[in-house]
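Single chain ahead, by itself, as structure tokens, in the form predicted alone.
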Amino acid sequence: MRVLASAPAKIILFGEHSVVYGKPAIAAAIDLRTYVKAEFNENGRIRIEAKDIRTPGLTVSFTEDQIYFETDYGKAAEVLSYVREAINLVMEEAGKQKGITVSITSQIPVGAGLGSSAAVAVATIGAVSRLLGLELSKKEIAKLGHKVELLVQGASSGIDPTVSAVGGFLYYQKGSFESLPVVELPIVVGYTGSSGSTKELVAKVRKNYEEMPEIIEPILNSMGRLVEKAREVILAEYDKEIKFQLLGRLMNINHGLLDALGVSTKSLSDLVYASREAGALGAKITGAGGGGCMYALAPGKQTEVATAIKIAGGVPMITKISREGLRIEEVEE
């Protein structure tokens, strides 16, 4: 038997960093996917094969106790950890121990702040659970994905695996999730090619907050109110063009507040301003900052914005909001 499952990447639309201080955030699944194929093998061991489809010929093969680099995959050891924990948790839930080969193909850059770890965990849980005959709801898969992140990372809000499993728009505050109506946003993601340390960036904001609370707290409060305004716009029965205009303005304000917190970089700002100059209604950091990605809202201008991002030194990815989260693509008996 063979099962192919996929799970999407995510972007933080609004509210990164302020969410650490109890403020709300809005995240969305985007149509960049990680695909995981799972099948039984006869040697009784876990074997994992990974390919990055954005780089032809890139392949990594490793077993549970060894990693073989046929060519560089950057953070292959991290991939191993998430996949291994995901398989172990599903086997524990199913009460079965089997030899399984997992093959990973991904459109999501690793370490870019797009939830690549959550996507591979969720897709693995989806494929292996179906392979073992274990029926899990998307919410149950999201909870297992959260457990995987806790086991590997030591801490996790649960946003990434929940968005990847459920799809669409999610409003998050203090551990609680609410699905929002999906607005079809024509977006372009720009990857700087480098990544920042979330832990270090969160610590940097915390240090500033502790040393200058009278300055930083109003910024965080403004970000919280901005997220509430964005939720209001998403829920409102506005004309699509008006909705895009309002969300774009909020994106630009949110980016300015993140810049004020000190989490932007020149490379991120270059991509943000290049996108706006090319016609994007809004552009901002997505994720912790310090590198990683930004995204731009570009109705009717996705090609122009993608070109501008490339000229500015980034890697553009034209995409859209994914209504679907985890998807079982194929089951072969």
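If you're wondering where the values come from, they're calculated on a predicted model, not measured in any experiment. From 1 onward, residues are counted along the sequence shown. Whichever C-alpha set is largest while still superposing within 1.5 Å between the two forms counts as the rigid core.
Although not depicted, the form predicted in complex with a small molecule is the subject of the following passage.
Q: Using a 4.5 Å heavy atom cut-off, which of 266-274, 297-305, 281-289, 32-40 contacts the small molecule in the model of the complex?
A: Flagged stretch: 281-289.
Q: May I ask you to choose, among N208, N88, Q245, S157, the residue with a heavy atom within 4.5 Å of the small molecule in the model of the complex?
A: Looking at N208, N88, Q245, S157 one by one, just S157 meets the 4.5 Å heavy-atom criterion.
Q: Let me know the one among N252, S81, T105, T198 whose heavy atoms come within 4.5 Å of the small molecule in the model of the complex, would you?
A: For this set of options, the contacting one is T198.
Q: With the partner left out of view, is I318 within 4.5 angstroms of the small molecule in the model of the complex by any non-hydrogen atom?
A: No, I318 stays farther than 4.5 Å from the small molecule in the model of the complex.
Q: Classify V19 as contacting or not contacting the small molecule in the model of the complex by the rule of any non-hydrogen atom within 4.5 angstroms, answering yes or no.
A: Judged by the heavy-atom cut-off of 4.5 Å, V19 is in contact with the small molecule in the model of the complex.
Q: Any chance I12 has a heavy atom within 4.5 Å of the small molecule in the model of the complex?
A: Flag for I12 set to yes.
Q: Given that the partner is absent here, does V202 sit within 4.5 Å of the small molecule in the model of the complex, heavy atoms only?
A: Answer yes; at least one heavy atom of V202 falls within 4.5 Å of the small molecule in the model of the complex.
Q: Core superposed first: is there a CA shift of 2 Å or greater at H146 between this form and the one not shown?
A: Indeed, H146 is displaced by 2 Å or more.
Q: With the core lined up, does the C-alpha of A118 move 2 Å or more between this form and the one not shown?
A: Comparing the forms between this form and the one not shown, which are aligned on their rigid core, A118 does shift its C-alpha by 2 Å or more.
Q: Hey, does G190 budge by 2 Å or more at the Cα between this form and the one not shown once the core is superposed?
A: Shift at G190: below 2 Å after core fit.
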